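Taking the form predicted alone, here's one chain by itself in structure tokens.
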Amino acid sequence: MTDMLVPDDPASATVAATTAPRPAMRRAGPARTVRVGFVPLVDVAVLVAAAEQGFAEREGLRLDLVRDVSWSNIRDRLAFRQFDVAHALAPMPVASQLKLGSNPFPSFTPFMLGRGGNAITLSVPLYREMADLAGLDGSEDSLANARALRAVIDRRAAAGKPPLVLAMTYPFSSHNYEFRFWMAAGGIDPDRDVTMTIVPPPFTADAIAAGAIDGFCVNAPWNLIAVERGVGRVVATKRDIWPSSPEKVLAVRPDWAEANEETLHRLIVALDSAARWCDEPDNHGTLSDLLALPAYVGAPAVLFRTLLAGRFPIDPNGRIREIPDYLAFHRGMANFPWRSQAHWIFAQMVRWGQVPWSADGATVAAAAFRPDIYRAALGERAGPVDALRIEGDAAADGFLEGGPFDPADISAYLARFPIRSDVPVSSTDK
């Protein structure tokens, strides 16, 4: 049966029709409920906007957003069918397709939830030690900060002190790969020179305040909260490492998608409209107030307004970095699931010994990203069929180290890095 559309009541409309590609019409009949798990981070914004600003309702959907505390919980609750879809780390569907981790229930992503948000924060005492040893004045770039950290690690090792403890949020995460990428660019081997551990995002500021860890990589707002509390100093952001590094995605259970193909397409349409709305500066005040609600992220709205304006506080003394494109929810094809980015994630897994290199493995990894479903929901002109491109080949989107990434030659890319795991990499293994 063809879905019917009926006009919204203008008095109850929450979104101007000009912010979305479709007319402000809602589907007739009872709303279909989609249960969505999420972790309280700024990049849940698109899901929150879809639920709160009428985009899901217009597509005949009701989003039941369920807050959780960790990515392992998100993974498990998808597997146990407590969630239909979830706010997830981009590497999670890749890891699930490769059957990595303790509960590798398969998932895939047909929609990216935006770019940006991550940062690396070190404890204030550690940063002061770096500044004293390397002569930092606070204006240095991320690579200079990484090299200063290398100097501190060397001095601590010579003095017989235990290694620094650095946290990320999940083994198969952009945080893990970006933290390692940054350290390796500064000459630090993350498997030998420091101790890496896992801390869920909402606990990171508390952990660094308690001295349980010396630094962490996590998404906003938790870096800013550590800075605001006077316990953390930001030394690098996602933009410094690779601006287009895939961040959060909509993770989907294959069995749910098969049984609810039309609902999934409607959900993608709603999220596309919500992402457009989130990018509009005029909407950032409303978005900040929504994210500040305890049911969602629960941090002060002023932090979100600051981030959405591209202003990033990096130290307790009030130093600000201006990063105009720090968060992107829709612009620049931020929602398109590029398979070349899934290949890059696979390359990081190989680099750090999580999976051996194989051409078959690369193919399986790329299948976690589903541009075909994205195009089916939004139209054939929504993105290229093959969804492959050379990543990081533009000056504004370059990598901190290693140069562009060609998904057709992963082995050659990995061979450029002197610091990596001991997984053999051969230029003939393509």
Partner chain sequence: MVLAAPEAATPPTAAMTQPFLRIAVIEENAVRAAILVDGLREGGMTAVEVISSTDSLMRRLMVMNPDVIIIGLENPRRDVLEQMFQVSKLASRPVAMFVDQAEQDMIEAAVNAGVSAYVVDGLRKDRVKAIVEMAISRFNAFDRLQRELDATKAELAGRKVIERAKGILMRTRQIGEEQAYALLRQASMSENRKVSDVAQAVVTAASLLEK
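Positions refer to the first chain, counted from 1. Computed from a prediction, not measured in an experiment: that's the story for all the values here.
Another form, the form predicted in complex with the partner chain, is not on view; read the next lines as being about it.
**Asked** the partner chain in the model of the complex: within 4.5 Å of a heavy atom of each of 335, 374 and 383?
**Response** Heavy-atom distance to the partner chain in the model of the complex: none of the three under 4.5 Å.
**Message:** Looking at heavy atoms inside 4.5 Å, which stretch does the partner chain contact in the model of the complex, given the options 71-79, 340-348, 205-213, 316-324?
**Reply:** Selected stretch: 71-79.
**Request:** May I ask you to choose, among 196, 231, 234, 328, the residue with a heavy atom within 4.5 Å of the partner chain in the model of the complex?
**Result:** The residue in contact is 196.
**Asked** Which of 190, 106, 186, 243 has a heavy atom within 4.5 Å of the partner chain in the model of the complex?
**Response** Of the listed residues, the single hit is 106.
**Item:** is_contact(residue 101, the partner chain) in the model of the complex, heavy atom dist at most 4.5 Å
**Value:** Although the partner chain is absent here, residue 101 would touch it in the model of the complex, with heavy atoms inside 4.5 Å.
**Message:** Please tell me whether any heavy atom belonging to residue 354 falls inside 4.5 Å of a heavy atom of the partner chain, as the geometry stands in the model of the complex.
**Reply:** It does: once the partner chain is placed as it appears in the model of the complex, residue 354 has a heavy atom within 4.5 Å of it.
**Close approach of residue 168 to the partner chain in the model of the complex, 4.5 Å, heavy atom** = Within the cut-off, so yes.
**Request:** Give a yes/no on whether residue 181 approaches the partner chain to within 4.5 Å in the model of the complex, heavy atoms considered.
**Result:** No.
**Message:** Just to make sure I understand: among 230-257, which residues lie within 4.5 Å of the partner chain in the model of the complex, judging by heavy atoms?
**Reply:** The stretch does not touch the partner at all.
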